[in-house]
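A single chain, nothing else alongside it, follows as structure tokens in the form predicted on its own.
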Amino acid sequence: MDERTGKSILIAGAGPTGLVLALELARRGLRPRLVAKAGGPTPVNESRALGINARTLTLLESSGVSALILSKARRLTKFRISSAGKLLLTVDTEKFRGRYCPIHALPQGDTERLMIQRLSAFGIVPEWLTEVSTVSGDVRKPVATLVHQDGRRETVQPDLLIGADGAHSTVRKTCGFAFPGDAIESRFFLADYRYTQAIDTSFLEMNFLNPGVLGHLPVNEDTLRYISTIEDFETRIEHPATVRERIWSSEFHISFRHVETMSRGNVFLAGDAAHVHSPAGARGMNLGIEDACWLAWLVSEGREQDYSNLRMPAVKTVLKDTRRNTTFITLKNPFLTGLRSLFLPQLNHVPSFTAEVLRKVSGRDTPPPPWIPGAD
């Protein structure tokens, strides 16, 4: 039971969303319980999320996480778009007017460990290998069954149950939240390569192969991540230095889905449990962190029932934008890809286009947090 609010809070999931939610509650004097099916934070070498935007850094400044992130992250100063190796468009992030660079790169595993470090200062440690297996009862009085590593089962009845347990959320499924949407046809592939020397990690590049696309972005000072819609993309990579090792590879499909409401009774959803979309623009983890910060603030104000109404517009904005960007990136029609190659160079001379790109990449296309003066 939390002494300040008189409410017990159970958070399912200890990825970035769950960790930030616990941290933001803790720094406001609340004491949630944080459980996770996973055995620990994401392995650094298997980190899907890499981008941390300016809005996230603003949100995490008060907790001290932003300073830790900036001490390790790579600052991305340019976005480049090419076609068949010919440079078409460059967006200079240094033109962004804000306290932070629009986006930095840091593996999700590193980001989670920094969050855990700060959370420990409040005496809160994630309960790893502890799964919310079912939720029963009325959503106004949810009853969660926890299964521990040793098989022991525990029944708890929190005043607030928060599902931050990912795209396959048990909380969402067992509490009756619909999750409508669709998947796109294209498969995506990725591979991380480490080189024998430091390389230029200041930019992100996307090269249209017509059809298909091959992009890369930095992971750390000697590692790049390559992403493509072409299965044999690794044969097309022009490596910037001698390869030391191929660290990790994966493939995935992209779905665009979101719940119709982010809360029912005293059950709340945040992050991938509530919405999934394309990684275009690096919005996934950042949007989940936004959810967490808004929910923590509302809980501390006794206004948690306002959460869904306040967050759904932001969710819909990001899903609409990432769908549009993904459609643009995955064009296959030769006529449309030709038009794209003709159109993009003209945007180098349109300052308003650069400003809009940077506004979205930085996360400033969603409502600013009202508890942080001058956040936007």
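Only a predicted model underlies this, so the values are computations on that prediction, with no experimental measurement involved. A residue's number is simply how far along the shown sequence it sits, counting from 1.
Below: the form predicted in complex with a small molecule, not depicted.
Although the partner is absent here, R225 is a contact residue: one of its heavy atoms lies within 4.5 angstroms of the small molecule in the predicted complex. The small molecule is not shown here, but in the predicted complex it comes within 4.5 Å of a heavy atom of L50. Contact annotation for G215: none of its heavy atoms lies within 4.5 Å of the small molecule in the predicted complex. At a distance threshold of 4.5 angstroms between non-hydrogen atoms, T111 is out of contact with the small molecule in the predicted complex. Contact annotation: the small molecule lies within 4.5 Å of heavy atoms from the stretch 159-167 in the predicted complex, the single such stretch among 83-91, 173-181, 299-307, 159-167.
Checked against the small molecule in the predicted complex, the candidates F122, W248, Y195, F203 yield a single residue with a heavy atom inside 4.5 Å, and that residue is W248.
Taking a 4.5 Å heavy atom cutoff to the small molecule in the predicted complex, the contact residue among L209, V139, I237, L190 is L190.
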